[in-house]
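Just one chain follows, in the form predicted on its own, and it is written as C-alpha cells.
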Amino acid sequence: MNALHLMAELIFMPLIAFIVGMMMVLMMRKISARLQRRIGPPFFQPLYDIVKLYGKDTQISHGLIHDIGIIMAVGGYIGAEILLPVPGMEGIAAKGGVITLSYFLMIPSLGMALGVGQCANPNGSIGISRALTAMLAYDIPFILVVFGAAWHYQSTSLIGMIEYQQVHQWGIVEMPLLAIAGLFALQGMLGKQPFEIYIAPAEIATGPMVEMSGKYMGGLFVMQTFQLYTAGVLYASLFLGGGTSFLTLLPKAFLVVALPMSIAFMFPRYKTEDVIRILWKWPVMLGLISLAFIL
C-alpha cells in the first residue's frame, strides 16, 4: 500500500462513515416519527443540528481531561472506521482484524467516563456508572459472537470472513443462533430502548450529556453517527456477506440499524439490573448453544 492510498483511506473512510451515519440518524428519527404518527425531520436536519451545536458558545469546560474524554469518545469510532472493510478501501482493514476492532469499540464509553468524571454533577456520574454497567452487560455476548464467528470462518480478519461468505453462505444462514445473539448485543451496544439506561432523560436528565454543551454535545452527536455506521457495517460483515460495492453493503447496514431501531421505539426502558439479566441470559445462552455446534 503506497502512502497516497494510505492517506486516502485515513481521510475518506471516516468521512464516508460520517455521511452515512448522518443518514442513519435521519432514518432513526423518521422511524420514530412514523411509529408515533408524525412526519419527522427534514432531510438535512442532522447536518443542521451539528452545525448549530458547533456554532454555539461552549460555556462549560471542566479542564483538559474533560476535553480528552470527548476526543477519546469520537476517536475510538474513527479508529474503528479505518478497520472496517469498505469496498475499494480495504488496505488498512486487511492488516487489522475483528479483535483489534473490538478493542476500539470499548474506547468511546471509557472516554465518556473519563470526561464526565471531571464533572461534579451527580446525574452525569449516575449516567456514566450505568453506561459502564451496560458495557459490561453487552460485551459478554458480543465477545461470544466475535469468537464464534472467528472460529467458524477460521479467521479473525473481517475481509477473510466476507470472502468465506461470498464463496459459501452468509453467516446468518450457517449460524442463525449466533446471528440472533449478535442482534441482541447490537441493541445493547447502541444504547437505545429498552437498554437506554444511561441516558434516561426522565430520571437523570440525559446522564452523561447533562454537562455537555456546544462543541461537546456536537462531538457526541458526531460520535453517534459513527456508532450507527460501525454497528451496521460490522454486523453486515459478520453475518450478511459484507458487500462487493457500496450498493450491496449499505442496504444491509441500513437494514441492520433499522431493525433494532424499530423495536426500540416500541418498548419501554428497562432497569439497570434488568439489562444485565437479559443480556447475560438470552444472547449468552444463544451464543453458547451456537458455539457448541460450531466447535
Partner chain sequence: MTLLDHLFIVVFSCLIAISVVRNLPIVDKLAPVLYGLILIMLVRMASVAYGGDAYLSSFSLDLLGFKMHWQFTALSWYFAIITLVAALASAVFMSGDWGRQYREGGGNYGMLQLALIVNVFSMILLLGSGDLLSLFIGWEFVSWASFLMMVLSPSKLAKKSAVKYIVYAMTGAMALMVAIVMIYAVNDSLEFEQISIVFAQMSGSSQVALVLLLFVAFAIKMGLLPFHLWQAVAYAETPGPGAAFLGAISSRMGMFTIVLVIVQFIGLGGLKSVGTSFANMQTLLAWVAALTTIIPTYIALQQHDAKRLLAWHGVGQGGYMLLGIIMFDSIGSAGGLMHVLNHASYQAALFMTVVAVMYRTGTSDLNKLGGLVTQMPLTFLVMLIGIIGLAGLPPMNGFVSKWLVYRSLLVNGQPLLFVAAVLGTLGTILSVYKLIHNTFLGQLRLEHQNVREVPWSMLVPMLGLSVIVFITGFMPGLILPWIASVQESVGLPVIAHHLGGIEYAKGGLDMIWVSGILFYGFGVGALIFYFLGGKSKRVHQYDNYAGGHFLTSDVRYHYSNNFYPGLMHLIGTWYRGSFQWLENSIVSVMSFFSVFFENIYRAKQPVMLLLIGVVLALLALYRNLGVGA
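Please read these numbers as outputs of a predicted model, since none were measured by experiment. Positions refer to the first chain, counted from 1.
Below, we turn to the form predicted together with the partner chain, even though it does not appear here.
The contact residue chosen from Tyr54, Phe246, Tyr270, Phe265 relative to the partner chain in the predicted bound form is Tyr54, the criterion being a non-hydrogen atom within 4.5 angstroms. The single contact residue among Ala150, Val86, Ala179, Leu186, judged by any heavy atom lying within 4.5 Å of the partner chain in the predicted bound form, is Ala150. Interface membership of Gly76, defined by any non-hydrogen atom within 4.5 Å of the partner chain in the predicted bound form, is confirmed. The closest non-hydrogen atom of Leu10 lies within 4.5 Å of the partner chain in the predicted bound form. None of the heavy atoms of Met285 is located within 4.5 Å of the partner chain in the predicted bound form.
In the predicted bound form, at least one heavy atom of Ile65 sits within 4.5 Å of the partner chain. Along 281-295, residues Leu288, Leu291, Leu295 each place a heavy atom within 4.5 Å of the partner chain in the predicted bound form.
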